[in-house]
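First comes one chain, alone, set out as structure tokens in the form predicted alone.
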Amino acid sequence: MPSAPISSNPRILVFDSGVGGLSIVHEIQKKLPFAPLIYASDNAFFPYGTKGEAELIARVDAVFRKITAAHPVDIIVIACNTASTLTLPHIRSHFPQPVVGVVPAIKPAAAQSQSQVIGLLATPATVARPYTHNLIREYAPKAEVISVGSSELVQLAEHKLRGGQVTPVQLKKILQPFFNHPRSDEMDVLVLACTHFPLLRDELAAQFSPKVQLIDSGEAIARRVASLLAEHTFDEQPPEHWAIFTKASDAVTALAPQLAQFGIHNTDIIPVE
């Protein structure tokens, strides 16, 4: 689809099934502090990692159509590894805005790893996706990649962002497959391949040796967005941000203090059938 012209004060849509994409919002705000952002969470269909492929493609398409009709945007960021590894080709061919996806940071992990034993922590769907296997074959063909998929960790990140506690005991159980691997002592890089997981960076880091570097895609995505907007300027005043959800709930209400930390004070509910 032909690209649409970018407006004079561009608006960026950052999309996720839950709140994990707020880790991407944080990185974009560091690069583009005056950019107005719309954070969209398809909480009515959360979590994405348990849904079928055709079902997810149709759902993301429907959500984007409803949201962009109500809130026009200039760039779309799919801040969800599960959705990105599956829906990017479809969304890029059906929407005129530039679309930036989040994919597992296998390439930088392989470049940084001295031992070439790399951990990959993702949702079960991302671990199983052919897209992920292709990334490993292309960028880390000689590495031992220890892959662990967890949907529970996504829930724990959501819980933490709403003020809940995440305990070492909960994390130890999820992360145990890494330590059961025969080459676990050699692992020196861990890829956080779900945007929810950087919200638990400190808690996760405490479970591993200090030599293990934790890598995610947030900064790279922010750089890509900034490069797409390099020729555009923003009004140098506090921007107006929005949070959009596809379902009203007490959990959405409970997020208000955390959203405020990102300068997001406006909320809209856009139901999507």
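Note that residue numbering begins at 1 and tracks the sequence as displayed. Note that the coordinates shown come from a computational prediction; the quantities given were computed from them, not determined experimentally.
As for the form predicted in complex with a small molecule, it is not shown, yet the points below apply to it.
At the 4.5 Å threshold, heavy atoms of F208 stay clear of the small molecule in the model of the complex, well away from it.
Proximity of F245 to the small molecule in the model of the complex falls outside the 4.5 Å heavy atom cutoff. Although the partner is absent here, T82 sits close enough that one of its heavy atoms falls within 4.5 Å of the small molecule in the model of the complex. With a 4.5 Å cutoff on heavy atoms, P47 counts as touching the small molecule in the model of the complex.
The contact residue chosen from V100, V154, A105, I118 relative to the small molecule in the model of the complex is V154, the criterion being a non-hydrogen atom within 4.5 angstroms. Look at 25 to 33, 47 to 55, 209 to 217, 225 to 233: in the model of the complex, residues with non-hydrogen atoms within 4.5 angstroms of the small molecule sit in 47 to 55.
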